[in-house]
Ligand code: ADP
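Quick heads-up: it's one chain on its own, the form predicted alone, in structure tokens.
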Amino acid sequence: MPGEGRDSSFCAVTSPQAHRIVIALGGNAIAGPDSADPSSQQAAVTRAAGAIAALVADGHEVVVTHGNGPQVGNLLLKNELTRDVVPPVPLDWCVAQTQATLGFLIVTALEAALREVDAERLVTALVTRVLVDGEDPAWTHPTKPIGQYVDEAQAREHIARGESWEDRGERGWRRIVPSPQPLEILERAAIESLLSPRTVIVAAGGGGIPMVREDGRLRGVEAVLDKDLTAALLARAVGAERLIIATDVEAAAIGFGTPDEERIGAVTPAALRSLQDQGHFASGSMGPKVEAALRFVEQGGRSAVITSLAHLREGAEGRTGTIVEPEE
């Protein structure tokens, strides 16, 4: 009968060791060495897709989320260069646009990678909104750096337009924007309706499009959400057993970049919290990843893993990376 061959190609085989996993890809991991170059981004996404496809072939049910920092930075630069020709778009629009662009790249690359390992699935990307609190303290204390570095004179021009900029030392000034806490995945019902061993879903890219609810209505707001914290929220929302945060190092470490650097392997939430409280994880790099891993496990997740994209499979099997698990 028509379609019989196609249906059989989507047969999902799971093993007793298979899990529902949320994989959070760092924005730089899917940008390549030249984040402005489409071919470089395509190559980086293709590498990431190969690593994810291996997990799907092992029988895991996978939901993918991703960062978008370099891509949003590029859009903001285009805003600035063309502001006298076309109106600049707000930050929530930039997040939506990069979600869609990266979503189609990831979906297309994953389809090809899954065919190569004989594990075809239905792959789809959802433009995803995330609810935040209109009274979050982040609105009056912006902390998230975005976009290009500029000199002080250029920064002062932007400040005069009502933007917040910060002196970042030798590299120059950089725009900082609010980063409120993600509270709810607004597309949760749609994601749940698509979840199955036959599908791979890409959702909540770039931390999600930030939305506030006012008088019963939703509207987008100028902010950037932390993609790792949203990944933890997404993992809880879909009932994932494991959250894997893919970064550029094999594991989190204490004393990072010093002669006393020591990688962290298997660790309990209490022990990792203690290290966090001692100031071992920088707020602009490993800090949000550690916090996301902790939140997921502390709120009922089975385990969270921080590892490199190259070690994704080993991390999923608990053989490498920083593995956060509750005490037995």
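Numbering starts at 1 and follows the sequence shown. For clarity, every value in this text was computed on a predicted model and none was experimentally measured.
In what follows, reference is made to the form predicted in complex with adenosine-5'-diphosphate (ADP), a form of this protein that is not presented.
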Study note, to complete from the structure: The one option of A266, A282, A270, A43 with any heavy atom within 4.5 Å of adenosine-5'-diphosphate (ADP) in the model of the complex is A282
Practice item. Just give me the single entry in A113, A240, V202, A246 that has a non-hydrogen atom within 4.5 angstroms of adenosine-5'-diphosphate (ADP) in the model of the complex. Key: A246
**Study point:** Any non-hydrogen atom of F256 within 4.5 angstroms of adenosine-5'-diphosphate (ADP) in the model of the complex
**Key:** yes
Practice item. Answer for M211 alone: is it within 4.5 Å of adenosine-5'-diphosphate (ADP) in the model of the complex, judged on heavy atom distances? Key: no
Practice item. Using the partner position in the model of the complex, report whether K289 sits within 4.5 Å of adenosine-5'-diphosphate (ADP), counting heavy atoms only. Key: yes
Check your understanding: Could you tell me if K227 has a non-hydrogen atom within 4.5 Å of adenosine-5'-diphosphate (ADP) in the model of the complex?
Key -> yes
Point to revise | Contact segment among 117-125, 185-193, 156-164, 247-255, judged by heavy atoms lying within 4.5 Å of adenosine-5'-diphosphate (ADP) in the model of the complex | key: 247-255
